[in-house]
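In structure tokens, the next block holds one chain alone, the form predicted on its own.
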Amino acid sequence: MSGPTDPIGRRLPDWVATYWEQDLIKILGTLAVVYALYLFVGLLLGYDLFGQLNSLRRLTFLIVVYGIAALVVNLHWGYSGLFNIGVVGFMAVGVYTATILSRPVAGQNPTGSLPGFGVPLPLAVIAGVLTAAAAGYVAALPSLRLRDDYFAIVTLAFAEILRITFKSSELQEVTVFGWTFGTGGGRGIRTFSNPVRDFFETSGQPLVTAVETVGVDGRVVPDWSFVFVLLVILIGTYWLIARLSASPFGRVLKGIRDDEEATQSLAKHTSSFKIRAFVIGCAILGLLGIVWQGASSGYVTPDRFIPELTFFIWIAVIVGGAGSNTGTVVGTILFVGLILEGPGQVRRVVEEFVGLSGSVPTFPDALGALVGGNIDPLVLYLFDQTSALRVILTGLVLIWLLKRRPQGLFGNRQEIASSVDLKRLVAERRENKSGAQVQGGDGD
């Protein structure tokens, strides 16, 4: 039996590595380690129970939403070879469609903000998902004839065109055939209310009260319940993509990814397969945009769909390894826990125990103090630039990965493309033949 092939499994004791081979153990083990780090930081900072739960809730929320997007990227790139870097564009289509449709019609809006079409929320969500899928179909038709790098440029440009369109002042509020609606322009638009939080403000209020009676802040109930709903979507996405990749449809996609011309020689209409895979992923991205950028905050602006978000999602896939759903989820956990949220946690610990205060406005000021032997201004400057520091850290991790392990932690491009594992079949026959020779002795 061969041992683990990933760098983590090779460093574990044999009895642990046996369990590590299971996908669920990989995910839960990585999550437990990241949770333990955040709980330890919470203890250092003196968090109470609500503080610890709130810290883990934010961490879990980001892992789940980034995980859904990363699984879609894995479907597009890891299984289909489609280099889609316009992920945020399809998320924007989903949430803007659902929001505009679900807004109250003009004259029936008690807040007086931007009106819409008054469509019930479930129908608006379905329309948002279908519109995102349709946008994916429109983007795929002309661009799937392009090579990987040109396809990436087209999808990036498509996402930017959508973001600029939603930001346009001409579409801030328009009236067409007597219906008034709009995107809100650069100011954004108020979205629909969160159904999960609405439930705990009405029918579920007794549960919130029961939690408060034991001394826990009742806000953890709706907040964690919403995260669990997102977790169900993540599990459903994982199951769907795993089933697709294991089906004849998925095997054709892998064949296209590895050698499209060879797949075409088998009478497979590769463009049709690629379009269907791309549209499925875009529909999931539309749903993700609705629940992430719409339901979680209650407000959406075009600036939330900048290309940086797409690049972060890609980093999560690269860390875990394209072509592996388990690796994608593990990579997302590591990316969110250590790279995306890690600098902020380090900053809080240093501020608590080192006692740094104040701010340094420019890098030359910090560098000048460093030349004079004082490192504190440089540390303060870096902490004030947490967002930029995150980008720098992401770049360094990407460079290190591409140099040391370009396939990621669990990247696996050697999956079988047929319904029968021929290597295993040949190995079993050789083993049976060898056993028969031992029992019967050498004939010659």
Partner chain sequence: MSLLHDITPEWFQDSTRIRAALFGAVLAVLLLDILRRLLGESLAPALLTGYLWNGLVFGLVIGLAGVGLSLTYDLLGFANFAHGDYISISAFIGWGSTYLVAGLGEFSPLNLFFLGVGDTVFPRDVGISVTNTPGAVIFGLVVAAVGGATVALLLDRFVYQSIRKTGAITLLIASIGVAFTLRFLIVFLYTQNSFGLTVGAWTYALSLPGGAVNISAPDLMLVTVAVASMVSVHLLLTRTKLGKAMRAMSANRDLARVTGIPSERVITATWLLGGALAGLAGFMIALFQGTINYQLGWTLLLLVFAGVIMGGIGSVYGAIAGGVLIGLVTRVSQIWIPASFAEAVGFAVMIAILLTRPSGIFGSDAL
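It should be emphasised that the depicted structure is a prediction, and the values quoted were computed from it without experimental measurement. Positions refer to the first chain, counted from 1.
Separately, the form predicted together with its partner chain exists; it is not shown, and the next lines address it.
A.B. asks: Among Ile375, Leu39, Ala32, Ile399, which has any heavy atom within 4.5 Å of its partner chain in the model of the complex?
C.D. replies: None of the other options qualify; the answer is Ile399.
A.B. asks: Though its partner chain is not shown, can you say which of Glu212, Asp259, Asp149, Glu201 has a heavy atom within 4.5 Å of it in the model of the complex?
C.D. replies: Result of the distance check: Asp149.
A.B. asks: Can you work out whether its partner chain is within 4.5 angstroms of a heavy atom in all three of Phe363, Gly395 and Lys403 in the model of the complex?
C.D. replies: The answer is yes; Phe363, Gly395 and Lys403 each reach its partner chain.
A.B. asks: Look at the stretches 328 to 336, 242 to 250, 75 to 83, 294 to 302 and give the one with heavy atoms within 4.5 Å of its partner chain in the model of the complex.
C.D. replies: Selected stretch: 75 to 83.
A.B. asks: With heavy atoms only and a cut-off of 4.5 Å, decide whether Phe311 touches its partner chain in the model of the complex.
C.D. replies: Result yes; Phe311 sits at the interface with its partner chain in the model of the complex.
A.B. asks: May I ask you to check whether Ser225 falls inside a 4.5 Å heavy atom distance of its partner chain in the model of the complex?
C.D. replies: Heavy-atom contact with its partner chain at 4.5 Å: absent for Ser225.
A.B. asks: So, Ala388 and its partner chain: in the model of the complex, are they within 4.5 Å at any heavy atom pair?
C.D. replies: Yes, Ala388 lies within 4.5 Å of its partner chain in the model of the complex.
A.B. asks: So in the model of the complex, is its partner chain close enough to Tyr381 to count as touching (4.5 Å, heavy atoms)?
C.D. replies: Answer yes; at least one heavy atom of Tyr381 falls within 4.5 Å of its partner chain in the model of the complex.
A.B. asks: Mind listing which residues of 254 to 275 have a heavy atom within 4.5 Å of its partner chain in the model of the complex?
C.D. replies: Result: His269, Ser271, Ser272, Ile275.
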